[in-house]
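Shown next as structure tokens: one chain only, the form predicted on its own.
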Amino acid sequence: MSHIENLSRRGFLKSVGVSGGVLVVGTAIPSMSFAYSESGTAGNVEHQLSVFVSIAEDGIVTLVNHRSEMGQGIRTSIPQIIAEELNANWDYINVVQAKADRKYGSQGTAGSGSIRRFFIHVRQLGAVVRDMLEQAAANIWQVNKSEVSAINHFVVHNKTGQKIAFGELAKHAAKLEIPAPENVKLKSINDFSLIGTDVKQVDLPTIIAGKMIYSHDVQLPDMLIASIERPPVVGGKVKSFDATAAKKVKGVVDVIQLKERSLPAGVFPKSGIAVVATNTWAAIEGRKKLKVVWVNGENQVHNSESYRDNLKKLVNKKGINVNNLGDVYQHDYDQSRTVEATYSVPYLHHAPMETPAATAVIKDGGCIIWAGSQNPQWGKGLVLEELGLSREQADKVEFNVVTMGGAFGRKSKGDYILEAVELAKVTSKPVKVIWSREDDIQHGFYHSVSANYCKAELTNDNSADNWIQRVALPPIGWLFNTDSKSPSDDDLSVGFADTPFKFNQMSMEKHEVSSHIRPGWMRSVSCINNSFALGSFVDELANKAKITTQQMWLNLLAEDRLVDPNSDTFKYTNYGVSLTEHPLDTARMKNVINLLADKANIDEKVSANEGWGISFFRSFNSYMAAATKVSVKNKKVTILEMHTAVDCGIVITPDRVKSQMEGAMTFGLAIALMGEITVKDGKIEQGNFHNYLIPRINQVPNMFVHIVKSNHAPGGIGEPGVPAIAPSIVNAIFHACGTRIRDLPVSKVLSI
């Protein structure tokens, strides 16, 4: 249940930096159940989320955005939802960014959850403010509230056509008792006028003018710049260092050894040696002249090539039961109708265009931070801990959230923030820590190298049964507990143990493995490897059955039904929401697959060197199918055309959905064709875009996005576009030239 309250106007306006507000309203609504609190502890932490609305006498409506902007457009879409229910004129909307604060609840912008988790609650806020404005107008006209309507920034008397502007009504509405949100009627979906339209992005003029502030742009008086030489191996430590030459570089102020931090790695800095200077050039040049001797520790034994080979061998053996039906191991497989395959995905890196950076200044026993962060409250909690402050002293840390130039999960971790705080404390001056591209690629958090195994037998009706699937990968849980060796139920709920096919017998299993480099949440997380395996395997089954891949998907999904993956041995987490609100609906799955096939015209006649590949994946409560057309000539693959079809429920901003899907196609293209982080003797071998490749413009084909019109609850959109891309590409390659690629990237087999 939501709780809405009238707030201290002066305190609120001061905190967000706006003036002139007359009516100020806030709402407390449930937050994400899996969150990190300011104390930095994980668990089922229930916060309250406060989203604020202020209406000034001039009619300007100021909305506080509590989520972090990283290019996905959330600073537009959440205000758009509020403005819809408020019946406000978008031209009068002003958006300000919330700082990190517990009153906003979980501010973690991840898991494609900002809208799918809070849609109804955010609508209620706009509806409550609308109701108050209507009541204020009704009081002025001395009529029943049912006789008035809020329309385009005015409240109109329905019979006479008289109207009063929001700005004029604000001072009257401010005196009213706030109604309970559950008693305020929300608009009918059919009456939406802003939701579902492409409103102008609130930050677009600032971005175009080059005035948007990112982490690297922050400037303070007397600020120092720090560049850090970090241990090349996770868990490594400094044995000795010589800073003599570094200190001779003009502009270098000091060379500081960061404190050592033991495993588990968590999201803490890797320690190292910081060169602190008056300017960026000096900091970087000084760092180049450092001489450091490292003790690399136990993880220097790690080599990704042999590790990946071992994972593939491991998943070919029976694993730990996750979920099962019947007993596949008592079944006598007909080898002529059986397909089995092992798939692998290497370590991958987020590689956002903007590398990490953070600025900190120690002040009055506390700290002020400027950073682009996907989880500013978690970052703030880490800073409190770093400074020895309690949660009750949270007001001593001011965390200013700036816009991010891409993030993809990497910037939910706070290691770069803590580096700035530690150095600011040592130097007693403002310090901005900057990461180079090499720093980001060699010292980040990585999508885990993984292996998936699939086996099934075709049935007489061209479906499949007696299904076995296994997975082995270093779990993200190792960051926080080095005893963690296999994925949790939450990790397995992302397209592995929730495979929606209809079986009589199946077994889903996992394996335990060791971890050696920092795993992290990357865009769509383990959906990447799970979808690559599942989408490829369905194509292999279709080829064996001599039917189309589209038809095999439909056969495996069987009749229209709602799937419940829960069992005695597996708890399905459904991306943090209930199956009632967001069921696994096979009818929606089949609809998206059929729409894609029709729109992409995958049955067209193609030349001997060309082929279409398709795949499907449900993730983050959205349904997405991908189709890719390729040409393979002289062992060189060319991507000719890419399509995606997506059912993400109610669409808030269609252009943002289209942009996210196009970005996901490019992201998936990189994963499929060229993405690979390799490790030798515990050290990341790649260092920049010359050897950690991303698609160039000539490698990106024409892209087409097909959005399903839907009245279902909104699903996620930031991540669901990624998983189905890679399998659609390798399937297309198979149909073009007969080469089946089961180990990514494609560049290991074909030139790109």
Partner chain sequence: MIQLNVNKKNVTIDAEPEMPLLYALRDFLNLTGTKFGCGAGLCGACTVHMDGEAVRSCLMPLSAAVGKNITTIEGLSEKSDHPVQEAWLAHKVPQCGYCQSGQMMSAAALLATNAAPSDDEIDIHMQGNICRCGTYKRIKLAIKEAGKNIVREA
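What you see is a predicted model, and the numbers here were worked out from it, not measured in a lab. Numbering follows the first chain given and starts at 1.
The next section is about a form of this same protein that is not shown, the form predicted together with its partner chain.
This chain lacks the partner; the member of F667, Y623, W378, Y343 within 4.5 angstroms of its partner chain in the model of the complex by a non-hydrogen atom is F667.
For the options D198, D603, E298, D91, the residue carrying a heavy atom within 4.5 angstroms of its partner chain in the model of the complex is D198. The closest non-hydrogen atom of P695 lies within 4.5 Å of its partner chain in the model of the complex. Heavy atoms of G167 never reach within 4.5 Å of its partner chain in the model of the complex, leaving it off the interface. The closest heavy atom approach of M212 to its partner chain in the model of the complex falls within 4.5 Å. Although the partner is absent here, L204 sits close enough that one of its heavy atoms falls within 4.5 Å of its partner chain in the model of the complex. Just one listed stretch, out of 155 to 163, 557 to 565, 114 to 122, 347 to 355, contacts its partner chain in the model of the complex at the 4.5 Å heavy atom level, and that stretch is 347 to 355. In the model of the complex, D655, R656, K658, S659, Q660, E662, G663 are the residues of 651 to 665 with at least one heavy atom within 4.5 Å of its partner chain, listed from first to last.
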